[in-house]
Structure formats: C-alpha cells, structure tokens
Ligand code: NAD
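Form predicted on its own, single chain, as structure tokens, below.
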C-alpha cells in the first residue's frame, strides 16, 4: 500500500491530516467530517475528499470519517511507526536551533548527528545530538542508516558539501541555503528559502486580509 502512486501535492498534505487526527484522537473524538477537517486545516473539502479517494474508501457519506481507523490507516501508509534518522550539516545559528528543536513533535524523525568543520564545535553535544567532523560523515551515515541530510552551511560551501553528501550515500537533502544545487538525477532536494516564505506570507497578509475575508464569508 505504501508504494501506491498518488499525486505529490496529495502526499504533502497527508502528514497534515495525520497530525490533526492525532489531536482529535487525543481528545477522544471518534468521527470527523471533511467539512470539519477543511475548516481546521484551511483546505477545501473537495480537495480533502479527493485526497482520501486516492487511498481507497475511507469514509461514508453522511457519516464522515472514523478518526481511529483513518489515523491507523495513515500511520500505516506514511509508515509513522518507523523512525527515520537524519543528519544536519553546518552547526551555525540556524543549525544549532534545528538541533535543539529536533522534530520534538514527531516520534518518527530524529536528527542523530550534526557535522561541522569548525574544530571548536566538533565533539560538542547539543541537546543530546553529537557533533562530528565531516571526515566521519560516511561512517556515521552507515552506523545510523541515514539517507537524508539537512543542509545549513554557508552558501559558499553548499555545493562542495552537497558533493560530499552524495558521495557518502545521501539520497535526500533539505536545503536551507539560497544555493541551487547540482546533483545526480537520483538525488531528491527540497529547498527551504526563508526569504521567499516570508515574502509570500507578507503578500498574503497584504492582499488577503483575514478580517476582510471573514467579513466576506459572514456577508
């Protein structure tokens, strides 16, 4: 079931559904409608129903979705019971913040090691995460079966560091640098550009004010 082909946009939304269903389950909610999910997650109800349709018959018309069943289904589909180990490269201010955060809301993703070239940082322990020299990259990746790396190095070092990651066996990179990286076709990169995200947020605040949209809905 986990190898079932679904659209990428749907795949990106599944963890959102999963986290919200966890909250419903925690407060004892047994059923939820697509309309309720839509209101909570700000996703169109038709989109939610279409997303779930890719996964099979998960709900009943007029009844909604069984929270326990849907949560278990998504856990199996997303393999939420499996822990994915990742590493972080570049223990600067942002890297240190991410190490301290370490996906505290997820029991299934864990940063197991940080890497840096600064001798003053090598050997440190940041909230339980050890910091290694880049010379030990391949050894640590193999020890923890890591295939994903978070990249928070200076932009000038981004490509050379990426080359090291690829050579060491990394298959996925979460890139926090502004650099556009060149990698082989089998490597997956997701770019997190904080400037773009902030500009997008400001654009929506200016062009789609919350009070205005609420007023239109109420009218």
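Numbering follows the first chain given and starts at 1. The shown structure was predicted, so the numbers you read here are calculated from the model rather than taken from an experiment.
Keep in mind that the form predicted together with ligand NAD is missing from the display, and what follows is about it.
Look at 91-99, 71-79, 122-130, 136-144: in the predicted complex, residues with non-hydrogen atoms within 4.5 angstroms of ligand NAD sit in 91-99. For the options 46, 194, 26, 40, the one in contact with ligand NAD in the predicted complex, meaning a heavy atom within 4.5 Å, is 194. Put simply, residue 148 is far from ligand NAD in the predicted complex: not one heavy atom of it is within 4.5 Å. At least one heavy atom of residue 157 is located within 4.5 Å of ligand NAD in the predicted complex. At a distance threshold of 4.5 angstroms between non-hydrogen atoms, residue 52 is out of contact with ligand NAD in the predicted complex. The closest heavy atom approach of residue 56 to ligand NAD in the predicted complex falls outside 4.5 Å. Contact residues in stretch 167-193 (any heavy atom within 4.5 Å of ligand NAD, taken in the predicted complex) are 176, 177, 178, 192, 193.
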